[in-house]
Ligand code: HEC
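One chain is shown next in structure tokens, namely the form predicted on its own.
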Amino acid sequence: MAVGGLKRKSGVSAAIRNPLRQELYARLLLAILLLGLPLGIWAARRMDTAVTLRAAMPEEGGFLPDALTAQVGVPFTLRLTSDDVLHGFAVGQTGFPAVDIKPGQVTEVTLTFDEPGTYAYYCTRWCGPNHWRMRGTIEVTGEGEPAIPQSPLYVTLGLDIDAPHPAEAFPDQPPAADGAIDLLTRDFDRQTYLVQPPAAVWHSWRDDPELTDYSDGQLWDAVAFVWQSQATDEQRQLGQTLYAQNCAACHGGTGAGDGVFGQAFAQAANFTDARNMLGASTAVLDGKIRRGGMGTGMPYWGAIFTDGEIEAIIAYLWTFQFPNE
């Protein structure tokens, strides 16, 4: 009986303890829910760091927002959408592939930056005369030192890239670079190509007593030859691609300054004009591309293109005067 009594007593105690445990568990669960819900919402918000970037015609605001922030090594997600027409998105000097932004759709891209600095993003689809105004910046912070850009050559040389630079002499028709291979036996350094206009080099050769037996046309052929030798076919091909994507809408497919949007500006440079082109140096062209043209509507591209891309574009521009045979 004692054993049975103990069993009954133990059973009663267990029955008393079970509701207490259940109440304790219920309170603990309620506490977890009350604490966990805000934490879950906070964690979800922390995980969803995507930023919505809206694109619209420049007259309607362009990119909004036009100033973003990111951290080195931390994936940065953008949700891109267009409020009107087809736009594009790319980040200069990064190698990130360009993407289209379609009206009414959301395109998501994730960027990871390796170095701190200020990066420019821009529209890659020509949507109107003010298309070039569709730009913004991403300020990337974190470990590392931002690259310190070197002064452009036109700044180092103290050139006024806005001043007229007509050539005093120029050929009646484009020179033939392949006609000068046997003519030019002297050295031609890279610095001369960078800082001297083709017309100035031609004048120096025209005044050289050792070259008096050569005609004006032959000397222009020699100039064409050395200018062509400063770039590879691969560079010119890259330059042609970049020109078609970013320049032809204003300057025209043939470089004649007759692009569909070129008429909207004060002037669009005509790269087929021998008098103006042959009086310009590579340094002047480099400055025009990097800084843009004051009062002409020519945008600055220094924050968009790398040094190598600018060099390739200039190499292609020279083919309008010195056709690549």
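Sequential numbering from 1, following the sequence displayed. The structure displayed is predicted, hence computed values, not measured ones.
The following text describes the form predicted together with this ligand, which does not appear among the structures shown.
Asks: Within 4.5 Å of this ligand in the predicted bound form, do C247, F271 and W301 each have at least one heavy atom?
Replies: Spot residues vs this ligand: full contact, yes.
Asks: With the cut-off set at 4.5 Å between non-hydrogen atoms, does H87 touch this ligand in the predicted bound form?
Replies: Flag for H87 set to no.
Asks: Is G293 close enough to touch this ligand in the predicted bound form, meaning at least one heavy atom pair within 4.5 Å?
Replies: Looking in the predicted bound form, residue contacts with this ligand include G293, since a heavy atom lies within 4.5 Å.
Asks: Q267 versus this ligand, in the predicted bound form: is there a non-hydrogen atom within 4.5 Å?
Replies: Judged by the heavy-atom cut-off of 4.5 Å, Q267 is in contact with this ligand in the predicted bound form.
Asks: Against this ligand in the predicted bound form, would R54 count as a contact residue? Criterion: heavy atoms within 4.5 Å.
Replies: Judged by the heavy-atom cut-off of 4.5 Å, R54 is well away from this ligand in the predicted bound form.
Asks: Within 4.5 Å of this ligand in the predicted bound form, counting heavy atoms only, one of 96 to 104, 77 to 85, 194 to 202, 247 to 255 shows up; tell me which.
Replies: Selected stretch: 247 to 255.
Asks: Of the residues W126, Y214, Y154, F225, which one places a heavy atom within 4.5 Å of this ligand in the predicted bound form?
Replies: None of the other options qualify; the answer is W126.
Asks: Relative to this ligand in the predicted bound form, which residues of 128 to 148 have a heavy atom no more than 4.5 Å away?
Replies: Contacts from 128 to 148: just W132.
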